[in-house]
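Presented as C-alpha cells, the chain that follows is alone, the form predicted alone.
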C-alpha cells in the first residue's frame, strides 16, 4: 500500500479552505496539523476544521517529524523564506502562486529542493483540471488552424482595506495575484516563452497596481493580451483565436466539476461539455504522484521560473513605459 502523506497548513490563510476538502478527500493524504502565529489562533482553527494538531508557531510545525507535506499559503513575500525552511526541515512543499517575487528567490528554492531531494510544486490549480487538459488537446490538434491571438482577463473587486494584496512590499498588485493566471495560461497554450512584452498599470495608493494591462509577442507569431485588476467586476475568460476557428473558455481559472467550452467555426458554435473534478484536488494528487510514484510534475519548476520571469518583465515594462525584450 502507498504511504499516507501527512499535511500541515502553514498559517490560517483564507485560501486554506480550498485545500482542506481535497486533502481530506484524497486516499493518499491526511490533514494532520495547522500552524499560526499564536497558539490560541491555531487551537481555534484546529477545532473549527477538525485538525488533530495545532501549533502556535510556524517553526513548531516544521519541527514535527510526522509532517510530510507543507502547504504554504503565506503572503507572496514570505513564499521563498518559508518554503526553503520547510524543504530544509525535510518536508515536501506545495507553495501558493506566485511561487516567489524574484528570480533569485526562485533559484534558491529550486536549489533547496534539489539539495534536499524534496518535492516543491507551485499551486496553479487550474493546470490540473480536465478542462485545461482538454483545451490544450484541442489547440494541439490543429482544429483552430494557426494560432493568432490569445485574449484573457481576471479581475474582481477587492474591498478589504489594508489587504496584503495591495501592499507593494508584500508582493501586492493585481498582476501578481490574478494577472499571473492569464500569463501562465497563454504560455501553456503556446508552449513557448514570449520574446517581448509591453505592460501598462494603474497604481493604487501603495504603489502596487490596482489594474494591469499587458501584451505578449511570441517568436512563432502568436500574440496575447490580458488585463487583471482589483477595481473591476468579477471577470475571467480566455479566448484562443486561430485562422480556422475560435475557442472560448468562459471559466478558465476556476472551472467547475461540469464546465463548458465553445468552439466557433464558420459562425457555428459547438458546445463542448467537460466532466471535471473538484478544482483543487488535481494539485494535491499531482504532488502525491511526484512524492510517492516519482512521476514528473505537471508544472515543472522551470515552468514556474519562466512565469515569474515574464511577470517581472511586465512590471519592468510598466515602470519604464516601454517594451521589454526577454
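Residue numbers count along the first chain shown, from 1. For clarity, every value in this text was computed on a predicted model and none was experimentally measured.
From this point on, the text means the form predicted together with a small molecule, which you will not see here.
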| item | value |
| --- | --- |
| Which of 242-250, 159-167, 134-142, 229-237 lines the interface with the small molecule in the predicted bound form (heavy atom within 4.5 Å) | 159-167 |
| Residue 74: touches the small molecule in the predicted bound form, heavy atom cutoff 4.5 angstroms | yes |
| Proximity of residue 12 to the small molecule in the predicted bound form, heavy atoms at 4.5 Å | yes |
| In the predicted bound form, residue 181 touching the small molecule (heavy atom, 4.5 Å) | yes |
| is_contact(residue 37, the small molecule) in the predicted bound form, heavy atom dist at most 4.5 Å | yes |
| Site check 155, 209 and 301: each within 4.5 Å of the small molecule in the predicted bound form by heavy atom | no |
| Contact residue in the predicted bound form, from 223, 127, 85, 97 (heavy atom within 4.5 Å of the small molecule) | 97 |
